[in-house]
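Let's start with one chain on its own, the form predicted on its own, as structure tokens.
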């Protein structure tokens, strides 16, 4: 793999973890705020305000890394962006419109916290939540297309039949797996936030302790739901035989008659090991020693579980992306014969990850890029320090 792939993977990994936490917090905060207002629970109001402040920070981090990823993609693969962007314009458009509306909802929800009446603020929160789910809906439709190009049509030029594309067998399991995984990670992240506070201050308010325990409970439920959804997505990958074999053939499951281009079984096993460790920690806290959940040991286990959940999301995304290397579209070698010329040649060139833009191969450019990444990560690290650790 070229160094350009690692640049893309580095910023994409941070982006995707922050996005997953954000989906959960965009769901949880409006619900908590509404519940606090209906019960008159001032502690819960403050807890939900604190979580929203953290959400704004994670969205900013996700936005910066997403922008860096887009810049890398445009720089290294301009032809792919041009071709794929035109073909998948509708799902990309859904995601982009949702991003714009979501940003508006964040700003309105934050500044409307004490300014809007309760009902207006709640409906602003509804917009915040709905758009949080529309963004991955659009992007996962694009990812499903990159698994297998269902709906790809040629009428002089390539286009996408959207209704056929939505019937892509990998789309629904991928989308549901993504949002449930985000909710599971987000629930454990909330527990970790209050566990960290518990370790530092020695005590939590009643509302905070309740949120801490609820986060552990829903994180456990989400982890086991992911076991089912993950298996569903793995089965759906039989529709993308090269990708399936790149992950599973070394483990004894292979689709016969289809070539394997790489071996990412090790990344799958690493992900499963992270899941098992997570399950062990949650089992200790929720079943074997529930009385110790709100102790120093319990707080430490909770933080570890959240870290493992974040690493599980990260390895899962990398597994999904790398297992189709060297192609942007995993099934490209299998469908190439059905693509008419000159698009067979154009798609064959633009959808190959090894065909980096010649203008982006200058070693001096790599040096400048590495320096820019160091500055970017230093700034992001200080930003997170201010949000999570620096005392006011």
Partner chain sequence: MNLLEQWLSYPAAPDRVLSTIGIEIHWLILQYVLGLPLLIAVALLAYKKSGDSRWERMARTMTKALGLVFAVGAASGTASEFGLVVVWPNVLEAAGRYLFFPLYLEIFAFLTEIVFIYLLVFGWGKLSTNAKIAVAFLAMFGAWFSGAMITSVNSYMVAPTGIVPAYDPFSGWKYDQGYPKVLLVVPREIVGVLDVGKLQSLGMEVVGDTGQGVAVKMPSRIVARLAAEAWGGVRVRDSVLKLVVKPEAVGAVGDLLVKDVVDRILLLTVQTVGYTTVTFQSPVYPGTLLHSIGAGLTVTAFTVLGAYSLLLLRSRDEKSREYYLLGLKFGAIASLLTVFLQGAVFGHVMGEEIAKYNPEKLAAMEGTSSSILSISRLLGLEKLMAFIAYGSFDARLPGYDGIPVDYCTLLGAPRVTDCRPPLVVHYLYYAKVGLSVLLGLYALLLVLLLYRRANLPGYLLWLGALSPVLAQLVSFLGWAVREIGRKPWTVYGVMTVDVAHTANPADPLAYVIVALLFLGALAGLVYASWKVLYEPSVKG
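Numbering follows the first chain given and starts at 1. Quick caveat, the model's predicted, so the values are computed rather than measured.
Keep in mind that the form predicted in complex with the partner chain is missing from the display, and what follows is about it.
The closest heavy atom approach of residue 289 to the partner chain in the predicted bound form falls outside 4.5 Å. Using a 4.5 angstroms threshold between heavy atoms, residue 272 stays clear of the partner chain in the predicted bound form. Using a 4.5 angstroms threshold between heavy atoms, residue 276 stays clear of the partner chain in the predicted bound form.
Using a 4.5 angstroms threshold between heavy atoms, residue 101 counts as touching the partner chain in the predicted bound form. When you look in the predicted bound form, the only residue of 180, 221, 81, 213 with a non-hydrogen atom within 4.5 Å of the partner chain is 81. Residue-level contacts in the predicted bound form: of 251, 115, 228, 199, one residue has a heavy atom within 4.5 Å of the partner chain, and it is 115. Contact here is defined as any heavy atom lying within 4.5 Å of the partner chain in the predicted bound form, and by that definition each of 71, 75 and 107 is a contact residue.
Of the stretches 306 to 314, 89 to 97, 277 to 285, 255 to 263, only 89 to 97 has residues with a heavy atom within 4.5 Å of the partner chain in the predicted bound form. For the partner-free chain shown, 362, 365, 369, 372, 373, 376, 379, 380, 382, 383 of 361 to 385 come within 4.5 angstroms of the partner chain in the predicted bound form, judged by any non-hydrogen atom.
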